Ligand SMILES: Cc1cc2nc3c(=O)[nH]c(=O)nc-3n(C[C@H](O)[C@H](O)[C@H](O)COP(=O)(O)O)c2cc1C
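The chain below stands alone and is given in C-alpha coordinates; this is the form predicted on its own.
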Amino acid sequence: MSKRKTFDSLSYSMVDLFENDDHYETEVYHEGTKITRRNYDALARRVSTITRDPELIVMMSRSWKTYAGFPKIKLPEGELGDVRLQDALMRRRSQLSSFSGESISAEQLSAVLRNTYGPTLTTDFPNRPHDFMRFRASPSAGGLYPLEIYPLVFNVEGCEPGLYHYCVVDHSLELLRSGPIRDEFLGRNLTPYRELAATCSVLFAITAVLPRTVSKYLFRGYRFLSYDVGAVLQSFYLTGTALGLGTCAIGGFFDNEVGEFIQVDNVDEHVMMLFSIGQSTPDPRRPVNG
(Lines give C-alpha, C1' and ligand atoms only; values in the text may rest on other atoms or scores of the structure.)
Protein backbone atom coordinates (compact mmCIF):
# COMPACT_ATOMS: atom_id res chain seq x y z
CA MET A 1 0.00 0.00 0.00
CA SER A 2 1.37 3.42 -0.91
CA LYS A 3 1.85 6.17 1.63
CA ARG A 4 -0.81 8.22 -0.09
CA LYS A 5 -3.53 5.66 0.68
CA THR A 6 -2.74 5.80 4.41
CA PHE A 7 -3.75 9.48 4.61
CA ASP A 8 -7.36 9.16 3.48
CA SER A 9 -8.57 12.10 5.60
CA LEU A 10 -5.93 14.54 4.37
CA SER A 11 -5.81 16.54 1.19
CA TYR A 12 -3.36 15.41 -1.46
CA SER A 13 -1.34 18.59 -0.99
CA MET A 14 -0.87 17.82 2.71
CA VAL A 15 0.09 14.23 1.90
CA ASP A 16 2.68 15.45 -0.58
CA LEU A 17 4.09 17.74 2.12
CA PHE A 18 4.46 14.84 4.55
CA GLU A 19 5.96 12.52 1.94
CA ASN A 20 8.64 15.06 1.11
CA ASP A 21 9.65 15.72 4.73
CA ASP A 22 12.98 14.30 5.86
CA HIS A 23 12.50 12.58 9.22
CA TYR A 24 15.99 11.10 9.25
CA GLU A 25 16.88 12.18 12.79
CA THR A 26 13.63 10.82 14.21
CA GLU A 27 14.05 7.50 12.44
CA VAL A 28 17.67 7.13 13.60
CA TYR A 29 16.69 7.86 17.20
CA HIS A 30 13.79 5.42 17.13
CA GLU A 31 15.81 2.65 15.55
CA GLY A 32 18.67 3.23 17.96
CA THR A 33 16.43 2.84 21.02
CA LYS A 34 14.62 -0.30 19.92
CA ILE A 35 14.98 -3.56 21.84
CA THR A 36 15.77 -6.30 19.35
CA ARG A 37 16.67 -9.98 19.50
CA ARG A 38 20.24 -8.94 18.84
CA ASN A 39 20.69 -6.40 21.64
CA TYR A 40 18.34 -7.78 24.27
CA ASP A 41 20.90 -10.06 25.93
CA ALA A 42 23.37 -7.24 26.48
CA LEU A 43 20.67 -5.02 27.95
CA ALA A 44 19.37 -7.82 30.18
CA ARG A 45 22.88 -8.54 31.48
CA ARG A 46 23.38 -4.86 32.30
CA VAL A 47 20.12 -4.58 34.22
CA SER A 48 20.70 -7.89 36.01
CA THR A 49 24.22 -6.88 37.07
CA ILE A 50 22.94 -3.68 38.63
CA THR A 51 19.89 -5.14 40.36
CA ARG A 52 22.03 -7.88 41.97
CA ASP A 53 24.66 -5.48 43.31
CA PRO A 54 23.62 -3.85 46.64
CA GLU A 55 26.32 -1.19 46.37
CA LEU A 56 25.14 -0.12 42.92
CA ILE A 57 21.51 -0.08 44.05
CA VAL A 58 22.34 2.22 46.95
CA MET A 59 24.44 4.47 44.73
CA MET A 60 21.69 4.77 42.13
CA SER A 61 19.09 5.53 44.80
CA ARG A 62 20.84 8.84 45.55
CA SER A 63 19.08 10.46 42.63
CA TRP A 64 18.95 14.12 43.55
CA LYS A 65 21.08 17.22 43.31
CA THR A 66 21.83 19.72 46.04
CA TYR A 67 23.63 23.04 45.78
CA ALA A 68 25.76 23.21 48.90
CA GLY A 69 26.50 26.72 50.13
CA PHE A 70 23.56 28.37 48.38
CA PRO A 71 20.77 30.00 50.43
CA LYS A 72 17.98 27.55 51.17
CA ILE A 73 14.33 28.52 51.57
CA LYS A 74 12.10 26.06 53.37
CA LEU A 75 8.78 25.81 51.59
CA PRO A 76 5.58 26.23 53.59
CA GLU A 77 2.98 23.54 53.90
CA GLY A 78 0.91 23.42 50.74
CA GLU A 79 -2.28 21.47 50.18
CA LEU A 80 -4.23 20.73 47.01
CA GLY A 81 -7.56 20.72 48.81
CA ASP A 82 -10.28 18.16 48.26
CA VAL A 83 -10.61 18.34 44.46
CA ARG A 84 -11.35 14.90 43.03
CA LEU A 85 -8.94 13.47 40.49
CA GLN A 86 -11.78 13.04 38.01
CA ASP A 87 -12.71 16.72 38.34
CA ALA A 88 -9.10 17.81 37.82
CA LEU A 89 -8.82 15.60 34.74
CA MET A 90 -12.01 17.01 33.25
CA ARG A 91 -11.06 20.64 33.96
CA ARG A 92 -7.46 20.43 32.81
CA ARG A 93 -6.69 22.72 29.88
CA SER A 94 -3.56 24.42 28.65
CA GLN A 95 -3.40 28.18 29.16
CA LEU A 96 -3.04 29.17 25.52
CA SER A 97 -3.33 32.92 25.97
CA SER A 98 -1.52 35.10 28.47
CA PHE A 99 -1.85 34.58 32.21
CA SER A 100 -3.37 37.39 34.27
CA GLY A 101 0.03 38.49 35.57
CA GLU A 102 -1.15 38.30 39.19
CA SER A 103 0.92 36.51 41.78
CA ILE A 104 0.43 33.05 43.21
CA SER A 105 1.18 32.21 46.83
CA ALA A 106 4.21 30.39 48.22
CA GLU A 107 1.75 27.81 49.55
CA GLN A 108 0.48 27.16 46.02
CA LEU A 109 4.02 26.83 44.67
CA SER A 110 4.83 24.42 47.50
CA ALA A 111 1.72 22.31 46.81
CA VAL A 112 2.57 22.07 43.11
CA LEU A 113 6.16 20.97 43.73
CA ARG A 114 5.38 18.52 46.54
CA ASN A 115 2.61 16.82 44.59
CA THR A 116 4.50 16.79 41.30
CA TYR A 117 7.98 15.59 42.20
CA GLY A 118 8.20 15.85 45.96
CA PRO A 119 9.04 13.03 48.38
CA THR A 120 6.20 10.68 49.24
CA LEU A 121 7.94 7.80 51.04
CA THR A 122 11.39 7.19 52.47
CA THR A 123 12.61 3.62 52.85
CA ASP A 124 15.79 2.33 54.49
CA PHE A 125 18.07 -0.31 53.06
CA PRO A 126 18.57 -3.44 55.22
CA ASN A 127 21.66 -3.22 57.41
CA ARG A 128 22.49 0.26 56.07
CA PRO A 129 21.06 2.76 58.58
CA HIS A 130 22.52 5.79 56.80
CA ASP A 131 21.26 4.92 53.33
CA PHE A 132 17.72 5.35 52.15
CA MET A 133 15.59 5.84 49.06
CA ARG A 134 13.02 8.56 48.50
CA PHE A 135 10.02 7.82 46.31
CA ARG A 136 8.43 10.73 44.48
CA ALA A 137 4.95 11.92 43.62
CA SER A 138 5.50 11.07 39.93
CA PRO A 139 6.59 7.61 38.71
CA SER A 140 10.03 6.95 37.26
CA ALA A 141 11.42 4.08 35.21
CA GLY A 142 13.40 1.82 37.53
CA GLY A 143 12.90 4.26 40.41
CA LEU A 144 15.89 6.25 39.14
CA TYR A 145 14.31 9.73 39.14
CA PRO A 146 16.61 11.39 36.58
CA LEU A 147 14.79 14.73 36.53
CA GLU A 148 15.61 17.99 38.27
CA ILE A 149 13.33 21.02 38.53
CA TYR A 150 14.51 24.62 38.41
CA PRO A 151 11.75 27.12 39.24
CA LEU A 152 12.20 30.55 37.70
CA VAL A 153 10.18 32.52 40.22
CA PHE A 154 8.73 35.66 38.68
CA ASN A 155 5.78 36.63 40.88
CA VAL A 156 5.19 34.58 44.03
CA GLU A 157 4.05 36.11 47.31
CA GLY A 158 6.62 35.49 50.03
CA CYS A 159 9.35 34.32 47.62
CA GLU A 160 11.78 36.77 46.06
CA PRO A 161 12.21 36.65 42.29
CA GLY A 162 15.08 34.51 41.12
CA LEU A 163 16.33 31.21 39.77
CA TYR A 164 15.90 28.33 42.20
CA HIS A 165 16.59 24.62 42.33
CA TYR A 166 14.00 22.35 43.93
CA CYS A 167 15.72 20.26 46.60
CA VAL A 168 13.66 17.12 46.99
CA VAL A 169 15.60 15.92 50.04
CA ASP A 170 13.84 18.35 52.35
CA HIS A 171 11.26 19.97 50.07
CA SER A 172 13.00 23.31 49.87
CA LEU A 173 14.23 25.81 47.30
CA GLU A 174 17.90 26.58 46.78
CA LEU A 175 18.41 30.14 45.57
CA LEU A 176 20.91 30.06 42.71
CA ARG A 177 20.47 33.63 41.46
CA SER A 178 18.23 36.44 42.69
CA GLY A 179 17.02 39.52 40.90
CA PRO A 180 14.74 40.41 37.96
CA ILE A 181 14.99 36.95 36.45
CA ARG A 182 12.00 37.45 34.12
CA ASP A 183 13.60 40.48 32.46
CA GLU A 184 16.80 38.49 31.96
CA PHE A 185 14.91 35.50 30.53
CA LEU A 186 12.86 37.63 28.13
CA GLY A 187 15.87 39.74 27.22
CA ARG A 188 17.70 36.69 25.94
CA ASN A 189 14.71 35.61 23.77
CA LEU A 190 14.97 32.02 25.00
CA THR A 191 11.51 30.97 23.80
CA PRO A 192 9.15 32.11 21.05
CA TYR A 193 6.32 31.81 23.60
CA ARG A 194 7.08 35.18 25.14
CA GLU A 195 3.47 35.92 26.07
CA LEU A 196 3.34 32.96 28.46
CA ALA A 197 6.78 33.68 29.92
CA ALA A 198 5.95 37.38 30.35
CA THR A 199 2.76 36.80 32.36
CA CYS A 200 3.16 33.53 34.28
CA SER A 201 4.10 33.49 37.96
CA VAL A 202 6.61 30.63 37.75
CA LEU A 203 8.38 29.02 34.81
CA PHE A 204 9.76 25.58 35.64
CA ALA A 205 12.77 24.28 33.72
CA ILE A 206 12.68 20.47 33.80
CA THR A 207 16.06 18.87 33.20
CA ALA A 208 17.21 15.26 32.87
CA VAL A 209 20.49 13.97 34.27
CA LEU A 210 21.09 11.37 31.55
CA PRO A 211 23.58 9.07 33.33
CA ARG A 212 21.07 8.25 36.06
CA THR A 213 18.96 6.31 33.58
CA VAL A 214 21.20 5.39 30.65
CA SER A 215 23.85 3.91 32.96
CA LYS A 216 21.33 1.18 33.75
CA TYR A 217 19.16 0.98 30.63
CA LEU A 218 21.76 1.94 27.99
CA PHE A 219 20.23 2.81 24.60
CA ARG A 220 16.70 2.26 25.94
CA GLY A 221 17.28 4.78 28.71
CA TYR A 222 16.50 7.85 26.63
CA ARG A 223 12.99 6.59 25.97
CA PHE A 224 12.53 6.08 29.70
CA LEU A 225 13.72 9.64 30.34
CA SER A 226 11.03 10.88 27.98
CA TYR A 227 8.38 8.82 29.76
CA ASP A 228 9.46 10.36 33.07
CA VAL A 229 9.12 13.86 31.63
CA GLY A 230 5.60 13.08 30.42
CA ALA A 231 4.58 11.84 33.86
CA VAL A 232 5.90 15.01 35.51
CA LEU A 233 4.11 17.22 32.99
CA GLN A 234 0.80 15.49 33.76
CA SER A 235 1.41 15.98 37.47
CA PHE A 236 2.14 19.68 36.92
CA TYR A 237 -1.08 20.03 34.95
CA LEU A 238 -3.25 18.24 37.50
CA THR A 239 -1.82 19.91 40.59
CA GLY A 240 -2.12 23.36 39.02
CA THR A 241 -5.68 22.62 37.92
CA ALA A 242 -6.59 21.40 41.42
CA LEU A 243 -5.44 24.78 42.77
CA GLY A 244 -7.45 26.71 40.19
CA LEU A 245 -4.35 27.97 38.38
CA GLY A 246 -3.55 28.22 34.70
CA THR A 247 -0.96 25.81 33.35
CA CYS A 248 0.86 25.24 30.08
CA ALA A 249 3.81 23.12 28.98
CA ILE A 250 6.26 24.87 26.65
CA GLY A 251 8.18 22.65 24.27
CA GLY A 252 9.47 25.46 22.07
CA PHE A 253 12.70 26.91 23.46
CA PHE A 254 16.36 27.13 22.55
CA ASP A 255 17.75 24.12 24.37
CA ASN A 256 21.39 24.96 24.91
CA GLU A 257 20.68 28.61 25.67
CA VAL A 258 18.12 27.75 28.36
CA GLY A 259 20.61 25.25 29.76
CA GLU A 260 23.24 27.98 29.93
CA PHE A 261 20.70 30.30 31.56
CA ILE A 262 20.08 27.90 34.43
CA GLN A 263 23.77 26.88 34.38
CA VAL A 264 23.62 23.17 33.62
CA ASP A 265 26.31 21.58 31.47
CA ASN A 266 24.19 20.56 28.43
CA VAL A 267 26.20 17.33 28.34
CA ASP A 268 25.13 15.10 31.21
CA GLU A 269 22.20 17.32 32.14
CA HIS A 270 19.84 18.74 29.54
CA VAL A 271 16.70 20.87 29.62
CA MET A 272 13.82 18.69 28.44
CA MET A 273 10.77 20.95 28.85
CA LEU A 274 9.53 24.21 30.30
CA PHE A 275 6.28 24.51 32.22
CA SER A 276 4.44 27.74 33.03
CA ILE A 277 1.97 28.30 35.84
CA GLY A 278 0.06 31.35 37.07
CA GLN A 279 -3.31 32.92 37.58
CA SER A 280 -5.48 32.00 34.62
CA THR A 281 -7.52 34.17 32.29
CA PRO A 282 -10.30 33.14 29.91
CA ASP A 283 -8.91 31.96 26.60
CA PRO A 284 -10.50 34.02 23.78
CA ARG A 285 -9.81 31.16 21.37
CA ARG A 286 -11.94 28.70 23.33
CA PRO A 287 -15.76 28.93 23.55
CA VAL A 288 -17.07 29.62 27.04
CA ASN A 289 -18.84 26.23 27.12
CA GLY A 290 -16.15 24.43 25.12
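Note that residue numbering begins at 1 and tracks the sequence as displayed. Every value quoted in this text rests on a predicted model; they were computed, and no experiment measured them.
What comes next is about the form predicted in complex with the named molecule, which does not appear here.
In the predicted complex, the named molecule lies farther than 4.5 Å from every heavy atom of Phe219. Using a 4.5 Å cutoff between non-hydrogen atoms, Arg93 counts as a contact of the named molecule in the predicted complex. Interface membership of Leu147, defined by any non-hydrogen atom within 4.5 Å of the named molecule in the predicted complex, is ruled out. The named molecule is not shown here, and in the predicted complex it never comes within 4.5 Å of any heavy atom of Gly69. Only one of the listed residues (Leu233, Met60, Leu245, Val264) places a non-hydrogen atom within 4.5 angstroms of the named molecule in the predicted complex, and that residue is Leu233. For the candidate set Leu225, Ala249, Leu238, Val258, a heavy atom within 4.5 Å of the named molecule in the predicted complex is found for exactly one residue, namely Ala249. Three-residue candidate spot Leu109, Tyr166 and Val168; no residue lies within 4.5 angstroms of the named molecule in the predicted complex by any non-hydrogen atom.
Of the candidate stretches 71 to 79, 170 to 178, 153 to 161, 192 to 200, only 192 to 200 contains residues with a heavy atom within 4.5 Å of the named molecule in the predicted complex.
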